[in-house]
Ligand SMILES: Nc1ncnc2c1ncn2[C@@H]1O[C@H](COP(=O)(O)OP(=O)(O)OP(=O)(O)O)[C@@H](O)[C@H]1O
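The form predicted alone is given below as one chain in structure tokens.
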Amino acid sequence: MAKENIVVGLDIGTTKICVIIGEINNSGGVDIVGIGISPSKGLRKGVVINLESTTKSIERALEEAELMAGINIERAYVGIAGGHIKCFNSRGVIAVSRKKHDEVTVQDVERVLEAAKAIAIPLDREVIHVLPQEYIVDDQDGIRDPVGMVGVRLEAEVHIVTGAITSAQNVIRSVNKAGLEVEDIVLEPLGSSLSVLSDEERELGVAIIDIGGGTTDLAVFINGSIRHTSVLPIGGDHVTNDIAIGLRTPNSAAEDLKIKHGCAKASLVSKDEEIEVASVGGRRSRSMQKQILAEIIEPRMEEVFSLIKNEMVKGGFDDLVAAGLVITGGMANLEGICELAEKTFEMPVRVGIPVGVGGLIDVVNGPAFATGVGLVKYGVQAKLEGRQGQFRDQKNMFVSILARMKHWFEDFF
């Protein structure tokens, strides 16, 4: 395998670390050639709280993926989430340069994106993505690619994703300590959307909900472009904790019960079904109705969906997602989750699994791998378009911070 054709996605989640290795094939697609999974230790709600433990978890997943693919990995596209992520929409306006008979050039597009990005954000935050929604040339809106069009005024509507510099830096440092360079940092719901959504869904209007262990990520697409993103600090770990407290069982046993017997809608469970529940402190295990487990899970999942619905209503997107909802992430495997979501949102819901890849498809054929596969697809797009990640060298972040502080002091004094 040629190294220049290798793309690696690193999903650093609260529950698991997942390394997925992809190879760009002759048709421009991607084949999955290696995967490594390790339990995640050192993160809480998507944020690194123990650098050493996170590094060791990454190393274990990395070793497993390299063994499967038979190659050594040098760099990766890394997913980021957590409550520190803040997103908003912005607009940039420029006059088209007059070098080519008022034609919009690539340089004009770069300038208008820089203009949209030139907004005041706190010194402790860094721009992670500037995602174009649409371009407007002389009041003609809805343009996807303005290059070559004739006009004198170019505007850009963009979606800007920012994150706390310290949180992003801790992710980068843990990856570097594991022996990898960071090609770029990618917002996790953006990665998930690349692997599970179809072009038709994006055009019609769709919301993707990625329910992980520590966070629940939301991304809304309308008319083919991303319109809203948010990260809520609540996820599957809260469900596990509820089960542990409600059934008085250890956390590890609660996690097993959730995975093997969990159901998000109590009405779908027969009253006759029983499960074995481990006790604490060496006591004997107990037999219990499976419906009791579902009655513990359902209120927490209703809370998660209510928070997401409020987020969509607040942004005015609840009536614009005609294609409905796509649920992905580890919790999407929970029985009855689509039925509960359909009841809460009153719209069609499906579980999203990775599509559009070749190779070891059966290994990544599940919603838990949506983010990892999406990071690989993001990397493939970046390579084919010649885009270089802004976080390749962690020193660049410090240079950026110092430059911003210098300008701030110059303006102040």
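Quick caveat, the model's predicted, so the values are computed rather than measured. A residue's number is simply how far along the shown sequence it sits, counting from 1.
Only in words, not in the display: the form predicted together with this ligand, which the text now covers.
Annotation: in the predicted complex, residues Gly79, His129 and Gly374 none come within 4.5 Å of this ligand through any heavy atom. Taking Leu334, Val161, Ile296, Ala253 one by one, only a single residue has any non-hydrogen atom within 4.5 Å of this ligand in the predicted complex, and it is Leu334.
Checking Val93, Ile259, Val150, Ala322 against this ligand in the predicted complex, a heavy atom within 4.5 Å turns up for just one residue: Ile259. Contact annotation for Gly46: at least one heavy atom lies within 4.5 Å of this ligand in the predicted complex. When this ligand is considered in the predicted complex, Gly205 lies well away from it, no heavy atom lying within 4.5 Å. Contact annotation for Glu155: none of its heavy atoms lies within 4.5 Å of this ligand in the predicted complex. Although the partner is absent from this view, Ile211 contacts this ligand in the predicted complex, with a non-hydrogen atom inside 4.5 angstroms. Exactly one of the stretches 323-331, 131-139, 269-277, 196-204 approaches this ligand in the predicted complex with heavy atoms within 4.5 Å, and it is 323-331. Residues Gly236, Asp237, Glu255 are the members of 225-256 with a non-hydrogen atom no more than 4.5 angstroms from this ligand in the predicted complex.
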